[in-house]
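Take a look at this single chain in structure tokens; it is the form predicted on its own.
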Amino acid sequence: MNTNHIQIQDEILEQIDQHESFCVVGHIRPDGDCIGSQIGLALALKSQGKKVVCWNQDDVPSKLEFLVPNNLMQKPEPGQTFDCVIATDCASADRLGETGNCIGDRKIMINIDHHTGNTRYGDLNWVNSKKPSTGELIYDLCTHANWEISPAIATCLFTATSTDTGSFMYPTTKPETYRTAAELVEQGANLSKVCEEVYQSYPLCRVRLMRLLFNNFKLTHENQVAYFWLKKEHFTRSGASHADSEGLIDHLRDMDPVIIACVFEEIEPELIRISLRSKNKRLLVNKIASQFGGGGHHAAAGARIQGKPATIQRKVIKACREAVDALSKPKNGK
């Protein structure tokens, strides 16, 4: 492992040793990597005798609730104090949502993340964009500290690693990712439970939402760009929540000859969340997202954009088309 990463881990462990009360926070609209790394770290801290609570603005998605012990995940409480706040899988302070407004009274804040665009908002920052998941970073921290990894911790970190690599199918997956996953299974990760809860237990409302997607998606640019609108009426008609839309975009990306997929999600009448996915390693959707104030990974990124829906769609689809066209241009203009 890189010497700098070992040094940062040592600094994090030194801070953990010095403090007693911890709050582990995650980003808005938490996904598998967020919840898995967050709860995995919290359980590891508790095993060291620390007082720990987890805070998120938004609820845990139903498919991830099996990871969370009773009373560990709570809603933010203004005025509560902690020795140490640790943010996992969160690229910027504003992504903490309302949780960010409730953690100002602390001695130190530690930021552990793998996103390329992380803003280094902590007092101590460990950001490794070469890792495909934050769960792997938490695993590295636990093993470096020689902490025992219980089956519950292993299940959390396996879920984090699996979900953020698309079940080990995204091009970000590295050989060491498989080794980490194997070690977590050896240490008791409940693989069958993860598969059942995360990948094989969709609620009926999500299936209704999926039906709306297949009935209404659009193709453009010689079928290389696919997009779909998720409007409030879709959630009302299907009975689904925003958490139920997680992963729907993958169905668009997986079609052939689609190269890039985009989902526009109506948050407010003039506030739109865009999600982008690419299956061409040269088409970097985080660069598209950055044009609209967002960010993410090479193959998965997003942004929140204020404005008229029609204007937003036109600008984003234009950027997607330009990204596809750039694939056919010779490198360095030659």
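From 1 onward, residues are counted along the sequence shown. Remember, predicted model here, so these are calculated numbers, not experimental data.
Not pictured, yet referred to below: the form predicted in complex with another copy of the chain.
Asker: Taking 4.5 Å between heavy atoms as the contact cutoff, choose which of 117, 203, 247, 76 touches another copy of the chain in the predicted bound form.
Answerer: Of the listed residues, the single hit is 203.
Asker: Please pick, from 304, 287, 46, 279, the one residue with any non-hydrogen atom lying within 4.5 angstroms of another copy of the chain in the predicted bound form.
Answerer: Result of the distance check: 279.
Asker: Just one of 214-222, 106-114, 144-152, 81-89 has residues with a heavy atom within 4.5 Å of another copy of the chain in the predicted bound form, so point it out.
Answerer: Of the options, only 214-222 has residues within 4.5 Å of the partner.
Asker: Please run the contact check for residue 196 against another copy of the chain in the predicted bound form: heavy atoms, 4.5 angstroms, yes or no?
Answerer: Heavy-atom contact with another copy of the chain at 4.5 Å: present for residue 196.
Asker: Evaluate residue 131 for contact with another copy of the chain in the predicted bound form, applying a 4.5 angstroms cut-off between non-hydrogen atoms, and reply yes or no.
Answerer: Flag for residue 131 set to no.
Asker: Do residue 97 and another copy of the chain share at least one heavy atom pair within 4.5 Å in the predicted bound form?
Answerer: No - in the predicted bound form, heavy atoms of residue 97 and another copy of the chain never come within 4.5 Å of each other.
Asker: Would residue 121 count as a contact of another copy of the chain in the predicted bound form, using a 4.5 angstroms cut-off between non-hydrogen atoms?
Answerer: Result no; residue 121 lies far from another copy of the chain in the predicted bound form.
Asker: Heavy atoms within 4.5 Å of another copy of the chain in the predicted bound form is the criterion; list the residues of 154-178 that meet it.
Answerer: Residues within 4.5 Å: 158, 166, 167, 168, 169, 170, 171, 173, 175, 178.
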